[in-house]
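Okay, here we've got a single chain as structure tokens, the form predicted alone, with questions on binding and movement later.
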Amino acid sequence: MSAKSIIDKIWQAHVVKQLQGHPAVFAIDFVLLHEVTSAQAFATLKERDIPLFSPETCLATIDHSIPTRKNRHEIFDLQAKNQVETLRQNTRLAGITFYDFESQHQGIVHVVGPEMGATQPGMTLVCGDSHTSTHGAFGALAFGIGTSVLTHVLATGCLLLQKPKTMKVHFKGRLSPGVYAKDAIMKLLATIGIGGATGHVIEYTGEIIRNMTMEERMTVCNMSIECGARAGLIAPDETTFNYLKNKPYAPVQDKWQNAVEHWKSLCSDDDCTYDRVIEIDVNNLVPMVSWGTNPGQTIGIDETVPKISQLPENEQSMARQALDYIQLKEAQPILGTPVEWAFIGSCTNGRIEDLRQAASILEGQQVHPQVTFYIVPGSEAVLAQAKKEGLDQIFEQAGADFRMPGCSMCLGMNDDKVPAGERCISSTNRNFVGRQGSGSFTHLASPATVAASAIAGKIVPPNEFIKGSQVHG
């Protein structure tokens, strides 16, 4: 029997039918839904009188277009209000579990799924959202799909899929103080660019990956899509099993032991091969910050914006456009760039460890008077835990705005937007033109760098604000 990677093992276990020269009929174990990309799929099923294949393997919540202010139940935007009401109605009629406001489980779909234990090793999981790759942290094959494909999955439990290529990304070394999981994945993006993993599923390996918490692993897998990967995953281990144990969707009693035994087999064989292997040395890694308008346009915080003439020829035009938009100059230090906004949240960095990290830096400090700082928990469970630990008080005393759960300022699809011409340092995953609001400028960084920069009023590393031992995230 030939050696297989974990990607091959999950793939083979889910192929229902494969005809030579055609996409595979591929089984999907779980579907996550939110208010923005699901309405058309439900409407098509209703129009064709097709029942849902498996309502019990679906989970829905609201996150993208909802407000995060305290009176969030009042949705003033009519399109957003209609999206929320439509999802409420569709899930009720279909018998799908739906986490609404005040359910204690509402939040960003890629935060809620893992919190509930719905995401499990060896699973195939889809959602109408590109950052579904987050769930690969559990050793799942998870990827985003379009609305028409979502229709097929809801109707049949399957989709048509070409087998992806495989890629191994091995992180070599250890992270220094002030450097986090977000910096590691941004280093990969800076190294291979936004198309460097196109058509591949990435398996992440290395000592730092094994030492990461599940929340850190989710941060890494979340941004797999930013280098063009179909998905990214990490083989499950005791850290994974301990996180899942006793979660609402997790197996119980004898089924738990049987599941763990199966999950332990989900690892790459020692002599398996990949279509591509990349090694990233993180021993001397510094905090990373994006300088342009895609996540691959990223540098160390102690570096200068690249000179366009020194970039590969195929990147020069894009870089020139990026600098024109974001109003930076070639060879300009990124360190010290003034910011008017700061944001911590999103499916990349809106979990409790991210908030703890921010609170540790903000405690006893004050947000710069020229900076507006939003901190948005990824779910109601994160919100409750933050309040239990008193993090909300630290944020408020520092002058940050601690808001209600949702996608918030990650994308300009709700009330939370950066004004045109203003600059935000953000813990999110994308810095596209106008991503956080029309005409706004975004610099991606770790939550620690965001918090430190909010205090300084300019882009700075977190080291001088770090107090004692902190969780990497």
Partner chain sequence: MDKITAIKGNVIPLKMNDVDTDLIIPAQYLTSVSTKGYGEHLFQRLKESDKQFVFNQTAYQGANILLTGNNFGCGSSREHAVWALREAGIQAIIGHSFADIFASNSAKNGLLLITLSEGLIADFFQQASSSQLVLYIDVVEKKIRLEGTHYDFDMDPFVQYCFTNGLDELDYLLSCKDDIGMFKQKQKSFLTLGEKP
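Everything numeric in this text was worked out from a predicted model, so none of it was measured. Residue numbers count along the first chain shown, from 1.
What comes next is about the form predicted together with its partner chain, which is not displayed.
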Exercise for review: Note which of Gln397, Gln370, Gln316, Thr156 lies within 4.5 Å of its partner chain in the predicted bound form, where distance is taken over heavy atoms; exactly one does.
Suggested key: Thr156
Practice item. Work out which of Ile299, Val149, Ile326, Cys272 lies within 4.5 Å of its partner chain in the predicted bound form, going by heavy atoms. Key: Val149
**Study point:** Three-residue site Ala190, Gln332 and Gly364 fully in contact with its partner chain in the predicted bound form at 4.5 Å by heavy atom
**Key:** no
Review point. Going by heavy atoms within 4.5 Å, which of 286-294, 111-119, 388-396, 199-207 lines up against its partner chain in the predicted bound form?
Key: 111-119
Review point. Does at least one non-hydrogen atom of Leu411 fall within 4.5 angstroms of its partner chain in the predicted bound form?
Key: no
Exercise for review: Give a yes/no on whether His105 approaches its partner chain to within 4.5 Å in the predicted bound form, heavy atoms considered.
Suggested key: yes
Practice item. Answer for Ala27 alone: is it within 4.5 Å of its partner chain in the predicted bound form, judged on heavy atom distances? Key: yes
Practice item. Considering only heavy atoms, tell me if Leu93 and its partner chain come within 4.5 Å of each other in the predicted bound form. Key: no
Practice item. Note that its partner chain is not shown here; using its position in the predicted bound form, name the residues of 47-86 with a heavy atom within 4.5 Å of it, in sequence order. Key: Glu47, Arg48, Ile50, Phe53, Glu56, Thr57, Gln79, Asn82, Thr86
